[in-house]
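We begin with a single chain expressed as structure tokens, specifically the form predicted alone.
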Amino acid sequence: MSAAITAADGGLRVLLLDEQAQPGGQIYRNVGARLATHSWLGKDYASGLRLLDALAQSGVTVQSGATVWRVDSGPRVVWSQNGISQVTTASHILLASGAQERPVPFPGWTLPGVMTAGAAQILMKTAGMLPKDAVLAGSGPLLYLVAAQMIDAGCPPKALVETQTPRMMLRAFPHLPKALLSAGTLLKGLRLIGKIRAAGVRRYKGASSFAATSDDSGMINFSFRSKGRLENLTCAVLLTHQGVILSTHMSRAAGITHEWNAAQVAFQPSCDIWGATDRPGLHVAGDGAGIGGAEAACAAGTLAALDILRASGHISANTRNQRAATARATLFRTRAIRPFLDAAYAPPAEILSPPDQTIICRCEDVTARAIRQGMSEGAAGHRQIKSSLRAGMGPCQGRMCDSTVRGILSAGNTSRMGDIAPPRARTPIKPITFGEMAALTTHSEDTA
């Protein structure tokens, strides 16, 4: 949204293809409809209204419910809306694919009632549904935010089961001085933790050995170890979270070079400060270019749009640099906290490489044991695991298992995971029907 507004203000015709029913992304999802009756979502959520208002007044052509399923050289995109696909060409394309939650596989994670904290937050924003009688398990700032929102909504979580350890905090401590540049974010986090403590929510720290079962009534029995003791909790809903990773299917399918981000334990597109990639006409911005959060995404979108304005001849390089000063400062400040957060809330090895009985590929019911068996028989990479076991060949195309397969291939050793190339992302990036593909109409339109 930020990039579209900046590009339109600079004189470009802009087409915004948004997969959701209305603009807002993951952070500001449904903000216009939910804010009046769901104030417990917080002031940060409400701040998205300013961006939506600016987008509405910018003259940008917004196509909602539009699913991009192919990005080609040219550049051009092939996208689907209401069951009809069309092709749009442009001199410049900005990919803002965002992030997804890191999969949290453990025995029982596929049971009804077990979902990610982010998925629960989507239900809170779109349908006003609250996760009652819930336990939150994992690590990361989103756990605290969701817990605080539940408290404000009158349905506090039964417990927080946190995997971060004192050793992780010690590793994060050297990054604290730089993180102080984002002091406002740190203070927000402390306020969230204070609210959780004041509400009397139980907190289990250093948790490991997650497992879940369900009884005849549908209740979830969640077991784990904390401080050397086996603990058991019963709940109606179990919300898990281990941070977020970049959504790279679109950028990988577009042929953009990717590099390993060891701190975030994920691959990311290679790009410069302006979001320019090694593919002519393609820029990337937001969490799809590197996890940074909403404010960083806005700044990155502005920078990418300014560079596109420069490349299209609307402004000079000097003007671009001058207009980019505020956005660059914002991006530096908001990213300053990332090394601290990445170290403090790192995913544990048992999540990266879970026990044998854990289902890894939910689409094809492939277990960790099957993947390890395949490795013992000579499979040494994503492609061989995929071709022999079908892991990653289901409807999600590996979005829910690629990172875990990589973890198993490297035995949970993050220093080795970067040596395992990501699997090739193929189009269609999102499922479409053969009928729609056969009826594809070419609709060329010069935009940004």
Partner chain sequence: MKIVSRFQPPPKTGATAEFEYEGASITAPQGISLAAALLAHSGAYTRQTAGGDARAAFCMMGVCFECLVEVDGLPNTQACMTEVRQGMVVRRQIGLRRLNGCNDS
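Positions refer to the first chain, counted from 1. The shown structure was predicted, so the numbers you read here are calculated from the model rather than taken from an experiment.
Just so you know, the form predicted in complex with the partner chain exists too; it's not on screen, but the next bit is about it.
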Can you tell me which of 293-301, 270-278, 114-122, 85-93 lies within 4.5 Å of the partner chain in the predicted bound form, counting heavy atoms only?
114-122
Can you tell me if L15 lies within 4.5 angstroms of the partner chain in the predicted bound form, counting non-hydrogen atoms only?
no
Heavy atom to heavy atom, is R333 within 4.5 Å of the partner chain in the predicted bound form?
no
Is R29 close to the partner chain in the predicted bound form, meaning a heavy atom pair under 4.5 Å apart or at it?
yes
Does any part of G59 reach within 4.5 Å of the partner chain in the predicted bound form? Heavy atoms only, please.
no
In the predicted bound form, the residue from M168, A263, L233, L130 that sits within 4.5 Å of the partner chain by heavy atoms
L130
Check each of L309, L160, L246, V237 and return the one that places a heavy atom within 4.5 angstroms of the partner chain in the predicted bound form.
V237
With the partner left out here, which residues of 208-246 have a non-hydrogen atom within 4.5 Å of the partner chain in the predicted bound form?
D216, S217, G218, I220, A236, V237
